[in-house]
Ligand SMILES: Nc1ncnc2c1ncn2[C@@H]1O[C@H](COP(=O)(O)OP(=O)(O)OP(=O)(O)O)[C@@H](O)[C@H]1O
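The chain below stands alone and is given in structure tokens; this is the form predicted alone.
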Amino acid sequence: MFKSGVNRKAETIAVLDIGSSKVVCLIGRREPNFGVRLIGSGFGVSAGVKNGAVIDMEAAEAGIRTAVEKAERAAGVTVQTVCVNVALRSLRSQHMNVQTEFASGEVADRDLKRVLTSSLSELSQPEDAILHAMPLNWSVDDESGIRDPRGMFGKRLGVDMHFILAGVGPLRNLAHCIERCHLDISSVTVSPYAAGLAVLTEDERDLGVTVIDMGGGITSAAIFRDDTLVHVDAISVGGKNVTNDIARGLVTPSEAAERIKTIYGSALHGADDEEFMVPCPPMGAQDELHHQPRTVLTSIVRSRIEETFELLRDRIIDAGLEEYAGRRLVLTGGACQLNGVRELAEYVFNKRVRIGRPHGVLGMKDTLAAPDFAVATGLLKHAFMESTEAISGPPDLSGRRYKQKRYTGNSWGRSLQWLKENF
């Protein structure tokens, strides 16, 4: 619920970034007056996750255990609870304006609590889980755009809420997989939000910026404006799709296609692409090594990444947020490190684009200050932040929690409810 400003976060926190290609566990410790220091990190192969969802419980569990155990050994601590990322194709934003009358002339904490609870009650749906519930702007009577209305005078209190939702089914599988590793989930953060916290400057978040996190199985976007997250979206296309396209187009095994993508891949054509021949390992033992011009490889890579950017651009336009998002775009995730991706994003979105590298955590090695560790770093920063969201802790996956908080019953029952809240 709306916090009073007192920070009660734990001194040591572990976070878990479960992606479609790797699992990252970071353990951080608060250093008073300095910030957050990284004290341990570990990595595992994410073999049981596809498009952000768990498809093989045992394989996913093995990757999580490996990452957590390595981080525990490095930090010298035992992890019992983790803050986890969520990157699913069902991620979506929903906005709602809620108005309520309040008893006294001065807005108090109980009034904020009542209007936030009312918004949660209205939105609760059995097929969706609320991951974030963020108050964007408050209003008192006819005055809007208020950041904190407590202490102001009026008769009507309102709030513009931003909810981030995801399908319950994949979340239940993810939660069960983590529980099988004997870990409890302390909180969840959607991946593009975490990536933004890791790589953006305060000015970028204030003036308007779009973050695109290009993961292995999911590409997600977050739009920030006025130092607030205002929109998220996700599509089930990522770096693994590029690898699969290369494997099919060049008729080579997937492992070889990943290596070809890393060494020779580019989203921009070069002057010598026709002459340069890319070695393609054979599919079977009876086949022979063959070669393809790099122009073929570049066409495959560019086609998939351009399609991905166009899908996200069109969805942002359909949401009416193209101008609101500002003139700047920041790319994170492993797939953004391919040559030419930044330039292609500038062409498709017609914005200034940079590659985002995580910052703001003490003790980070150079290998972790890379775009593909932005989500994990952002999770760690978010875990130590004082939240102003309307909900906290792990998401409710029952679809029932907030429905019980509606004002129901006869007038006498509603009067009792009003008395409990105001006296």
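All residue numbers are counted from 1 along the displayed sequence. In this text, all values refer to a predicted model and were calculated from it rather than measured experimentally.
Beyond what is shown, the protein has a form predicted in complex with the named molecule; the following relates to that form.
**Student:** Thinking of the named molecule in the predicted bound form, which stretch from 70-78, 215-223, 115-123, 181-189 has heavy atoms inside 4.5 Å of it?
**Tutor:** Correct option: 215-223.
**Student:** Work out which of Thr262, Asn350, Ser254, Asn97 lies within 4.5 Å of the named molecule in the predicted bound form, going by heavy atoms.
**Tutor:** Of the listed residues, the single hit is Thr262.
**Student:** Quick one: from His290, His269, Arg110, Lys240, grab the residue that has a heavy atom within 4.5 Å of the named molecule in the predicted bound form.
**Tutor:** The residue in contact is Lys240.
**Student:** Is it the case that Ala335, even though its partner is missing from this view, gets within 4.5 Å of the named molecule in the predicted bound form, heavy atoms only?
**Tutor:** Because a heavy atom of Ala335 falls inside 4.5 Å of the named molecule in the predicted bound form, the answer is yes.
**Student:** Using heavy atoms and a 4.5 Å limit, would one call Glu306 a contact residue for the named molecule in the predicted bound form?
**Tutor:** Flag for Glu306 set to no.
**Student:** With a 4.5 Å heavy atom cut-off, would you call Glu258 a contact of the named molecule in the predicted bound form?
**Tutor:** Although the named molecule is absent here, Glu258 would touch it in the predicted bound form, with heavy atoms inside 4.5 Å.
**Student:** Since only the chain is shown here, I'm wondering whether Gly378 would be in contact with the named molecule in the predicted bound form (any heavy atom pair within 4.5 Å).
**Tutor:** Taking the distances in the predicted bound form, the answer for Gly378 is no, it never comes within 4.5 Å of the named molecule.
**Student:** With the partner left out here, which residues of 19-53 have a non-hydrogen atom within 4.5 Å of the named molecule in the predicted bound form?
**Tutor:** The stretch touches the partner through Gly19, Ser20, Ser21, Lys22, Gly52.
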